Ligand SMILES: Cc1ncc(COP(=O)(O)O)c(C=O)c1O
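First, one chain by itself: the form predicted alone, in structure tokens.
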């Protein structure tokens, strides 16, 4: 009864705001960062999957998903897990990183990244970033290398290829270090005609609901090295599958996210669907993970129904990446007109623009949602609000990361009007 009362209060508040927006001739729906690649074809697929549990054990679907992603990505091997953070754990295992080894990673990342190393006993050494693309700063990386360093994790944040990409790869080669590419934000970004993730030893990608493509939760580990692929396969073989309750919950989240954020009438249907199915919401990062505690259900591989959603998303991934690139040009023009620095696109690279990051005045970031609604009638994001987002706190010695935390905001590159055309 209390739940229903809370939901009705929530609906009342939302619809009051919608009524005011209508009176003020404002849009009833705003751009969102989540689930903008979900369409009616995904809804139809999920409804069929929910009615046909007999297909849930078909491992051929998972193999097909891994094969098609690898082919699209230009990689020899791909392995599908329930999250990119699990794919990272598989990569740590594949590289045989041992307790006491050190890995260098950006002091501006999501907390789940250092958690994966922590749970493997590997020591994390944080390094400052540069502010052109928010990637590792090569000069700072060189200072952090010790006799215990075994690997470097570099990321391509917001879908932009990191400025010092080649320099870091060369540095790693000179010091006989392994390179893990964190491509959670940058699926589809390219460098020198190849997709990022194919230049290091291993790479991870995300299909979490705020990423380039969407299975609500999900991730892949890739490599072009046969020996490393065998090691990832060992980890994969030991991983469990989620139970049917969790699978069903994740499938229902596809429907919930579509009606809340993508449906043409999401401004009211989203509230109704949340009232009926809000208790199945999946949150990306659990309280345990934010506290550095390994969840009991961590380490799972992807089951067939979720892989089926991934396969459907792959059919239109190029279409949506192209839209992101076109929409980023709007923010390029805004930056030029308003004297803000555009994110750097290094020579030979093609970003996938998960988001469009800009450094603004701290007071804007502090009120970024209100500012975005007032100025653009869109949701403007504030990734990241801390050095190890979303956990509060600072990492000493990362001055550029301090600046990014204080000043970096993110413009959306997809909105509700983006619709995949029927084939």
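Residue numbers count along the first chain shown, from 1. Quick caveat: nothing in here was measured; it's all calculated off a predicted structure.
Separately, the form predicted together with the named molecule exists; it is not shown, and the next lines address it.
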Check your understanding: So, 85, 206 and 284: all three within 4.5 Å of the named molecule in the predicted bound form by heavy atoms, or not?
Key -> yes
Check your understanding: Within a 4.5 Å heavy atom cut-off, is residue 69 in contact with the named molecule in the predicted bound form?
Key -> no
Practice item. Could you confirm whether residue 109 comes within 4.5 Å of the named molecule in the predicted bound form, counting heavy atoms only? Key: yes
Practice item. Would you check, heavy atoms only and a 4.5 Å threshold, whether residue 262 touches the named molecule in the predicted bound form? Key: no
Review point. Does residue 91 reach the named molecule in the predicted bound form if we count a contact as any heavy atom within 4.5 Å?
Key: no
Practice item. May I ask you to choose, among 197, 218, 305, 159, the residue with a heavy atom within 4.5 Å of the named molecule in the predicted bound form? Key: 218
**Study point:** Partner-contacting position among 324, 301, 163, 211 - heavy atom within 4.5 Å of the named molecule in the predicted bound form
**Key:** 211
Study note, to complete from the structure: TL;DR on 176-184, 124-132, 224-232, 336-344: the one with heavy atoms within 4.5 Å of the named molecule in the predicted bound form is 176-184
